[in-house]
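Have a look below at one chain only, the form predicted on its own, in structure tokens format.
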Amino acid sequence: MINEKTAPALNIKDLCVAYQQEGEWWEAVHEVSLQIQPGEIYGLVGESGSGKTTLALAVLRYLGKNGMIRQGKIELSGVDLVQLQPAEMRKLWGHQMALIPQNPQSSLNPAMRVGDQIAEVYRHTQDMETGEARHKAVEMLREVNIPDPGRVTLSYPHQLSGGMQQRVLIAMALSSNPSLLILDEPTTNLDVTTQATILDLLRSLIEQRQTAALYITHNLAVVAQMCRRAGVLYAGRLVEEAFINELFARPLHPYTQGLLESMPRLGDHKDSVRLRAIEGRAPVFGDIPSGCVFRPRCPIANEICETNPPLSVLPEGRKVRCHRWEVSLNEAGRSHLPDGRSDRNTTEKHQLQPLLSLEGVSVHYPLKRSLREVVRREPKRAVRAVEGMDLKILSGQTLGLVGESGSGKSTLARATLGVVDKTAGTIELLGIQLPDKLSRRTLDTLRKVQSVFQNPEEALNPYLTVGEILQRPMMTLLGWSRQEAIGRVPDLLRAVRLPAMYAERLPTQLSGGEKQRVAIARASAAKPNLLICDEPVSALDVSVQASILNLLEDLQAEHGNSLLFISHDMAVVGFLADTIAVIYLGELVEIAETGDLFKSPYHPYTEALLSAIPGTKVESRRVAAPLVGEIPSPIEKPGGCPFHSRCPRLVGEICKRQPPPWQSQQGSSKRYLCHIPWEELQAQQGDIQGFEISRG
């Protein structure tokens, strides 16, 4: 319970933070004020570069040598941190304030056992003896719901899953019972089921301990589920602050509205909805516009916006920095109404020809036997990443592939590309069987199947210009001359909504969204029949994500190519895909046309994925039985139903011993792999209406 009358745990007043670059100081945070009460989770949202992490580092007094707090106060339990010396701050780090960062792999010491790392915190902050500290480490792991904590303390970080690693970081952060906890994108790299578990854990622990928490993220749905109040940052300015229910029901600032309208919700589909991407890009250091900083991207800006707007405090206590917030409120939602999409191909699916067919595809990675296994003549073991997969992608259609990390999605894509060898089955493209190995495929086959991956930073050669990057597939796969390829580059850039002058730029001169557009242009340069997209938007801000999804949709409508779209985000897949396949532990467990997939009954695994999605509805919603435990090892797969060890709707021994049959119903495209009959499963689940969110 939060007591509004108590003093705030964290009080930030008129904070300005600047960085020095090439001898000049540029402000990254400008006159930000906010308060967080004990036991409150305060959300801070905004695009990359908005100043969220800079503000957090300023609160921790952990800015780099080129960073400086130029103005303002940061009071923690009444003590102004700005006035403290480094030695005094060291006494607070880990004692009264703690950080849970985004990437647990880079935050944990790979050479130390997990228990020793947690015990080190107790020894440092509470002067405990080694034995007592190790005992407390086991207790702390038990408190963050890690099964068999004694065993986990003896493990190294690489022996734990991403979700377990993140729980270890939570245990370390909370071990000293800090009064302030800073969470910087703590679930961004986790799949949806693990994220849901971590969020529930954090919310419970923060409430129990009455810790003040600053939750930094670009995921608005997570903020809606976790936070009581939220502030929206843009170009280092706080442009809006409100209680969560008010912020999502009635956003006042055009930027907040743009972020909300950029999000695909479950129930949205490309046939009826056009996502609203915020035009332009956020300003960078040294290029902050005069007047309202959002003016160059604002759809309702006029002459008054050329002057700097004050931060207005409304009667109900919410804040907004906008001259025209009342006009903005009246315009909210209009840009996201269904547009009909009359230009889309309406050919019936039964008339379309399969472009890609996978039959009985399996991918196993043999494991090298130990000397002990050889002496005992034990059989060879293998990682069974994909098992007996049957899928079809129709011409001009998108197949969405969803599942948790480790379910085999990327392995299936790599087998299709020929990057990994399949163990069994056939893969046909336009009726012709593809060779297993990439080296045996013809240039024409390579041209027909292209890919876009998750991280454009790693996919683009930093030493080549954008123009050179785009020329190479045309010269290599189409046999064009350099001059022909150069002449085509401006058209490719225009197709992905980039200016022709970007051909002269290096990848380091582009934003993350622009790099991904270049990656899509490169994949499209050879005019492929099939584009494989493996998590292409998971690392992007919601506004950039919307523009990339719209772009993929437009390119498909223009060229008629097919997409294999891989993601763990059900809302994103639901927006773009015509058919969705759900895989678990390398096996297909459910497949349906998109409209049918979101109607009950669901395979229990699909139900768990849907239930784990954080929605922007703040009111309570029906939640399915929780998904417990870790995904089993693909080396030692459970017998019977592959999902039985985690299934919240386990029937009994039949699920453990007997492979389930495929269930289907006349009049629906849905098929799912389960022992529970259609009618019985539907009666258990009902309609989970809380997933669908209307558009204004």
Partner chain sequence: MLGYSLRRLGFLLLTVLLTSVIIFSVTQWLPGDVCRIILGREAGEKALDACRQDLGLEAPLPVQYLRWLADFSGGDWGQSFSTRTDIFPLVMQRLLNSLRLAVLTLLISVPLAVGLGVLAGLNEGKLVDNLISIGSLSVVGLPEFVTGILLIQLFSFELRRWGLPSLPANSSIRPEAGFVESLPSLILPAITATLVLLAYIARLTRSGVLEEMKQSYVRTADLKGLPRHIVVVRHILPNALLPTITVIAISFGWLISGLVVIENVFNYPGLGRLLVFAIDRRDLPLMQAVALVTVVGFALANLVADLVYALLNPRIRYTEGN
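Please read these numbers as outputs of a predicted model, since none were measured by experiment. Positions refer to the first chain, counted from 1.
Although not depicted, the form predicted together with the partner chain is the subject of the following passage.
Engineer: To verify the annotation, which of these, 60, 68, 654, 628, has a non-hydrogen atom within 4.5 Å of the partner chain in the model of the complex?
Structural biologist: Here the answer is residue option 60.
Engineer: Exactly one residue in 161, 107, 600, 245 has a non-hydrogen atom within 4.5 Å of the partner chain in the model of the complex; which is it?
Structural biologist: Of 161, 107, 600, 245, the residue with a heavy atom within 4.5 Å of the partner chain in the model of the complex is 107.
Engineer: Spell it out for me: taking the partner chain in the model of the complex, does every residue among 101, 120 and 125 have a heavy atom no farther than 4.5 Å from it?
Structural biologist: Every residue of the candidate spot has a heavy atom within 4.5 Å of the partner chain in the model of the complex.
Engineer: Considering the partner chain in the model of the complex, find the one stretch among 316-324, 109-117, 383-391, 297-305 with heavy atoms no farther than 4.5 Å from it.
Structural biologist: Stretch 109-117 is the one.
Engineer: Do residue 94 and the partner chain share at least one heavy atom pair within 4.5 Å in the model of the complex?
Structural biologist: The answer is yes: residue 94 has a heavy atom within 4.5 Å of the partner chain.
Engineer: Can you work out whether residue 377 and the partner chain are in contact in the model of the complex, taking contact to mean some heavy atom pair no more than 4.5 Å apart?
Structural biologist: No.
Engineer: Contact between residue 156 and the partner chain in the model of the complex at 4.5 Å, heavy atoms?
Structural biologist: Within the cut-off, so yes.
Engineer: Is residue 172 close enough to the partner chain in the model of the complex to count, meaning some heavy atom within 4.5 Å?
Structural biologist: It does: once the partner chain is placed as it appears in the model of the complex, residue 172 has a heavy atom within 4.5 Å of it.
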